[in-house]
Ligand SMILES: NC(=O)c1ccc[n+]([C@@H]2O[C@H](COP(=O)([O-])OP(=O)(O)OC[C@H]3O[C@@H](n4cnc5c(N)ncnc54)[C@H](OP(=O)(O)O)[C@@H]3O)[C@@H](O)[C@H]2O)c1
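To begin, one chain is listed below as structure tokens, in the form predicted on its own.
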């Protein structure tokens, strides 16, 4: 599997395995299968309640810890130094690991207060705890998630260590153009979550956009899902996909076997009604 290189030189596999909703024994089995078919990059979070099972699956695999890339996240509602510091140690304990490869702030705001005022000061307090853990070797890289370019601008010049990655919702109908460009212009990697678009793109009855996706998939002789994942990978640089089924795990890894042309990437990006980064876009 190919790696990208973060701004501090840390290598990160470009395809990650998402763990959201894969809890308990079913999650453990899914993680073991994912490891067996070749995944080494796993994306978890305190709020997913999957850290314990993921850590156990990695230990039980017999594969050295250093061959894995593990991401976890600080809950969005934790906007203070002490609670962020404690959360880092708790994630390490649940994972049963001495370090995490990437640790990110899950959201710029508490989830229940998405429309609340600016949380920049709280994010900076959490970032201070993360920076200390980074310097102490508990975390190899630090970043954010769901931050718009405006959220980034509020903290960028006030950070001693700059964020290395922003994990955002990104798919064919939502390319987050302004934020993606801002991050890349500032040397930040971008990782795409929800690369299949979820219900808005794949709903029933299918949207016209899904019909377009199917036509491009036919052109490349891949499934529509593979086309969506490959688009997100090429547009962002890292893609996080989740499945509990082995056949889909293998299908998702197969996106490494083809490449979408620049012309088709541009055309598919413009399916997003806010492709130019207009004010109405979430990002």
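Positions refer to the first chain, counted from 1. What you see is a predicted model, and the numbers here were worked out from it, not measured in a lab.
If you look for the form predicted together with the named molecule, you will not find it shown, but the lines that follow are about it.
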property: Which of 54-62, 214-222, 230-238, 245-253 sits within 4.5 Å of the named molecule in the predicted bound form, heavy atom basis; result: 245-253
property: Selected contact from 140, 106, 174, 79, since only one has a non-hydrogen atom within 4.5 angstroms of the named molecule in the predicted bound form; result: 106
property: Non-hydrogen atom contact residue 167 with the named molecule in the predicted bound form at 4.5 angstroms; result: yes
property: Touches the named molecule in the predicted bound form: residue 193 (any heavy atom, 4.5 Å); result: yes
property: In the predicted bound form, residue 48 touching the named molecule (heavy atom, 4.5 Å); result: yes
property: 4.5 Å heavy atom contact, residue 146 and the named molecule in the predicted bound form; result: yes
property: Partner contacts in the predicted bound form for 60-85 (non-hydrogen atom within 4.5 angstroms of the named molecule); result: 73
